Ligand code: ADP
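Here you get one chain, nothing else, as structure tokens; it is the form predicted on its own.
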């Protein structure tokens, strides 16, 4: 089987986000959580997504891990490479998006690529180089208060320019509106004039489809998952493969829903789900005061999950999160929640629970690693960018990994209905 797309994602939910879009197009897709130490079975696979946890680590470490992922993908002779980051361009002035792009271009011997995080289906659009979230500038969308990557500048030309070695250009909306030929011409002009990176405007899926066609000859592309929506047409893939792309085996039992995200949408989703399913609030302040509180949560979860699907959440309002961060420090506050949810997930899996919905990128990465999940087949879409997946191995797990602001208010209900 030919590997058409070799993808690197900077977090675990971002990887399944991209994988979901690829499967929807008909790519037979697997996600590898980290660079594999053993060769995975690629006999029926057309797209590979290597999920890293590099979004908020030191830039030098992020670059090193990303290059290792690219080396592995190159060993499979992928036809094109894709660096996927969040549609809100989560990064600081030090990186990690720019330094990783620089390093990937260097390793591939390429001189140009694009950066397009637009994802209109989830309200992310780029206009005149500025990123909007549901019609509001990124810097006014709530992302300016992100605890790890506060996005206070919506101008992506400036943001990326502060992270990379050379100039950043813009392919404006009027050029994108003119279609594929005009977009390609803009790329060629930038290459000739020594511009190494282009932010590309996009307001609609039609724009993304034309951009996707225009990047056919680029060895490396970078962006959010929306950039992928028309890539299948760039490759000679048999149509017969498309029909079976999202098929997954059914697994028995109830679902454990674990939420560590405190994003606006996840708070709404949790508020709705806790009125419908047995729920347990993993209060961070209680975890600080009483180390045995986690044991209480585990005991509750093990008892309730035999009767119904359950929700365990640390999701809190921003003021509560800030209080905990002020008390413990930013890094320790995050570690407290992640380690607690990991313990719960491991206890549930050891007791035979086989289906998990996990909300939050950092939370998802931690839990997937704790459960020793290394290979996941991407399956049907629950919401744009959020699929069900099934891990490979003797005891497969069904996993839905959700980025914080993805999905509708009834996301948890949709996920459980699809996995029946």
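Residue numbers count along the first chain shown, from 1. Here the structure is a predicted model, which means the values were calculated and not measured. Think of the rigid core as the biggest set of C-alphas that the two forms share within 1.5 Å after superposition.
Not pictured, yet referred to below: the form predicted in complex with adenosine-5'-diphosphate.
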### Task
Answer with one of 99, 161, 284, 142: the residue that has a non-hydrogen atom within 4.5 Å of adenosine-5'-diphosphate in the predicted bound form.
284
#### Entry: Residue (of 95, 154, 212, 260) lying close to adenosine-5'-diphosphate in the predicted bound form, criterion heavy atoms within 4.5 Å
260
### Exercise: residue 407 in contact with adenosine-5'-diphosphate in the predicted bound form, heavy atom 4.5 Å
no
### Task
Considering only heavy atoms, tell me if residue 381 and adenosine-5'-diphosphate come within 4.5 Å of each other in the predicted bound form.
no
### Message
Contact with adenosine-5'-diphosphate in the predicted bound form for residue 20, defined as at least one heavy atom pair within 4.5 Å: yes or no?
### Response
no
### Query
Is there a non-hydrogen atom of residue 294 within 4.5 angstroms of a non-hydrogen atom of adenosine-5'-diphosphate in the predicted bound form?
no
### Message
Taking 4.5 angstroms as the heavy atom distance cut-off, pick the stretch from 128-136, 314-322, 108-116, 249-257 that is near adenosine-5'-diphosphate in the predicted bound form.
### Response
314-322
### Message
If you apply a 4.5 angstroms heavy atom cut-off, which residues in 345-378 are near adenosine-5'-diphosphate in the predicted bound form?
### Response
360, 361, 362, 363
### Task
Examine residue 29 after superposing the rigid core and state whether its CA is displaced by 2 Å or more between this form and the one not shown.
no
#### Entry: Flag for residue 313, CA shift 2 Å or larger between this form and the one not shown after aligning core
yes
#### Entry: residue 341: Cα shift of 2 Å or greater between this form and the one not shown (core-aligned)
yes
